[in-house]
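Okay, so here's just one chain, in structure tokens, the form predicted alone.
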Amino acid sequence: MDIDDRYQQYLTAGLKLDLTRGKPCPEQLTLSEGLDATIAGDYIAEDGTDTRNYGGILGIPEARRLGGLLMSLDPSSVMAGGNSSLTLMHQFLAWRSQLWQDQTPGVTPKFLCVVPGYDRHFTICEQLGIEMLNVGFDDRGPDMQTIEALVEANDDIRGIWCVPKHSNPTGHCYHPETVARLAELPKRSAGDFIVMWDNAYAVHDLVTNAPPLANVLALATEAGTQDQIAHFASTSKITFAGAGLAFCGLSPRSLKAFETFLVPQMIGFDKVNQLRHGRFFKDATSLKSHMEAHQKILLPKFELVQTKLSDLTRAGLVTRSQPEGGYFVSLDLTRASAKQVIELAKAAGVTLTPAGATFPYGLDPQDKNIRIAPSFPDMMALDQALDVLTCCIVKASTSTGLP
């Protein structure tokens, strides 16, 4: 059967499959059903706080300790928030943007964005009026030579987005030397430069011996740049995606200033949810065993993606990332248009992340990158969706099928 006939079969199959976002599947969510049982009528935190009541923007001790565990920080440097780290990132950059405007009125701040990257980061910058500049990466992480030169040449560049472990969508883990150079980066700027360290996949390993991540705060403290590092993490892909905890880690001075900025907006976050998470994850051992259970569910799905893409890779139609953790596989087309492939797949009943989403302003300059999110579908649905995707890539790349 030639490729056009196969595609025609998919068009008439009535499929409705989705590979758009990295959502936990139902089996993963079930792993956290014990959260509610941790309360059992006892709402009092270990420091005596009644979590049902107002107050406490920084969060209760149990939750701050969990955030410190995820981000390798002392709990005293951690703010435990609500269910969204994106909200904390937006609030943090809104605060910094206000400061930048006071410092240099009328000047548009710029941010460096490692591409392909996380579309929600780019949306925050767009909403806040921050201009974005693309920078590439290699196997060691962001292209530091280019980044350092840009920061030294332009004081209007106010920061950089980093997803340092199992990056979204490529799965890269930053090399220790790269982390050290990022910790030093604010010293190259004459302005107020911030490293946005979104360690969203800190404990989301797919293999037993995933590479460790160097401690950026320890390196920044040595460099004297600790006030310019903003850590973020969450349990969104650890417990319940819509009812987890978010964390922000800052130096003592920055944490106090950020808390002051938030005071007019709120009286406190959901401390009951903080309490149940703090009790559910009592220590590093309980967190480790929980993430190993996630790994058992996710690994076969990621292995299936690699198997399904292997023929296309050998044929020279694609290159792909082979992550050791995280939630995505990054696929680059060598002959076809990403927009065309995504349109073909949509017509056949498979929804993918929009073309260009992994670049600022939705503009992929080479129209080649597709982000695959295999976590949510069951194995049968994922198998079908990948068959449709590979068919569409072949159809868009060649009229004769695989060489």
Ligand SMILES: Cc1ncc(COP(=O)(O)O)c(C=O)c1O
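Numbers follow the displayed sequence, beginning with 1. All values reported here derive from a predicted model rather than from experimental measurement.
This next part talks about the form predicted in complex with the ligand, which is not shown.
Which one of these stretches, 298 to 306, 86 to 94, 71 to 79, 104 to 112, sits within 4.5 Å of the ligand in the model of the complex when only heavy atoms are counted?
So the stretch in question is 86 to 94.
Classify residue 269 as contacting or not contacting the ligand in the model of the complex by the rule of any non-hydrogen atom within 4.5 angstroms, answering yes or no.
Result no; residue 269 lies far from the ligand in the model of the complex.
Can you work out whether residue 228 and the ligand are in contact in the model of the complex, taking contact to mean some heavy atom pair no more than 4.5 Å apart?
Judged by the heavy-atom cut-off of 4.5 Å, residue 228 is well away from the ligand in the model of the complex.
Is residue 118 near the ligand? Define near as a heavy atom within 4.5 Å, in the model of the complex.
Yes - in the model of the complex, heavy atoms of residue 118 and the ligand come within 4.5 Å of each other.
Report whether the minimum heavy atom distance between residue 168 and the ligand in the model of the complex is within 4.5 Å.
Yes, residue 168 sits close enough to the ligand in the model of the complex that at least one of its heavy atoms falls within 4.5 Å.
Answer with one of 250, 151, 179, 200: the residue that has a non-hydrogen atom within 4.5 Å of the ligand in the model of the complex.
None of the others qualify; the residue that does is 200.
Pick from 273, 254, 321, 236: which has a non-hydrogen atom within 4.5 Å of the ligand in the model of the complex?
Checked against the cut-off, the match is 236.
In the model of the complex, which residues of 317 to 340 put a heavy atom within 4.5 Å of the ligand?
Counting only heavy atoms within 4.5 Å of the ligand in the model of the complex, the single contacting residue of 317 to 340 is 328.
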